[in-house]
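Before any questions on how it binds or moves, here is one chain, the form predicted alone, in structure tokens.
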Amino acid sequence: MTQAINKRKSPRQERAQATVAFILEASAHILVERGHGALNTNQIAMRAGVSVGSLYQYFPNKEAIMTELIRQKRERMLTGVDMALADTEADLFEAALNAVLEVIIQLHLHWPNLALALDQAEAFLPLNDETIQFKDALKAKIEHLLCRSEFTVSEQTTQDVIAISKGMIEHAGLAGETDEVALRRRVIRAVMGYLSN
């Protein structure tokens, strides 16, 4: 089953990279508009403007496509958080928290329904080990951020801060909120209030 969720090959030439990008974008649109049930390789190929044969050169099935979308989303988040932490290394805790939240909020508010659809897909894709690795990596980054504050930090504190932020951001995205600055302020208030107690 593990092989069935992996790409058949990685595109090397510019045209091949564009084809894969079209496939992934088409899949994302179908997931957002019609859900997992409507996602199949024929529909994806049609929406992407490529042949089914071209799609199968890179992906064995729709599960492999969803897996690639999940992996890309996770990679963007971890890379973005790393950059935010590096850019604010000399800043006060609240400014660094704001920078990290900016990265996460942008990823969720850009396509909130896609983020939800991919979270749901994780439940039936064999990604348990990868999911644990991703959560551990994110937790380590948030713990590193929290250690820059004056508050006492524990594993429970880190988990709670992630849960508070994730819940508020996901709810805002699904509610159709678009004001990223206002959302960041609310999440910061909630996190700072929690840490102060």
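In case it trips you up, residue 1 is the first one in the sequence shown, and so on. Predicted model only: the values in this text are computed from it and were never measured.
Same protein, other form: the form predicted together with the DNA, not shown, and the subject of what follows.
With a 4.5 Å cutoff on heavy atoms, Ala140 does not count as touching the DNA in the model of the complex; it lies far away. With a 4.5 Å cutoff on heavy atoms, Tyr58 counts as touching the DNA in the model of the complex. Taking the partner from elsewhere, Val52 is found to have a heavy atom lying within 4.5 Å of the DNA in the model of the complex.
Under a 4.5 angstroms non-hydrogen atom cutoff, the DNA in the model of the complex has Lys62 among its neighbouring residues. Contact annotation: the DNA lies within 4.5 Å of heavy atoms from the stretch 43-51 in the model of the complex, the single such stretch among 24-32, 159-167, 141-149, 43-51.
Contact with the DNA in the model of the complex, defined as a heavy atom within 4.5 Å, holds for exactly one of Ile70, Ala172, Leu39, Val153, namely Leu39.
No residue in the set Gln106, His110 and Leu118 has a non-hydrogen atom no more than 4.5 Å from the DNA in the model of the complex.
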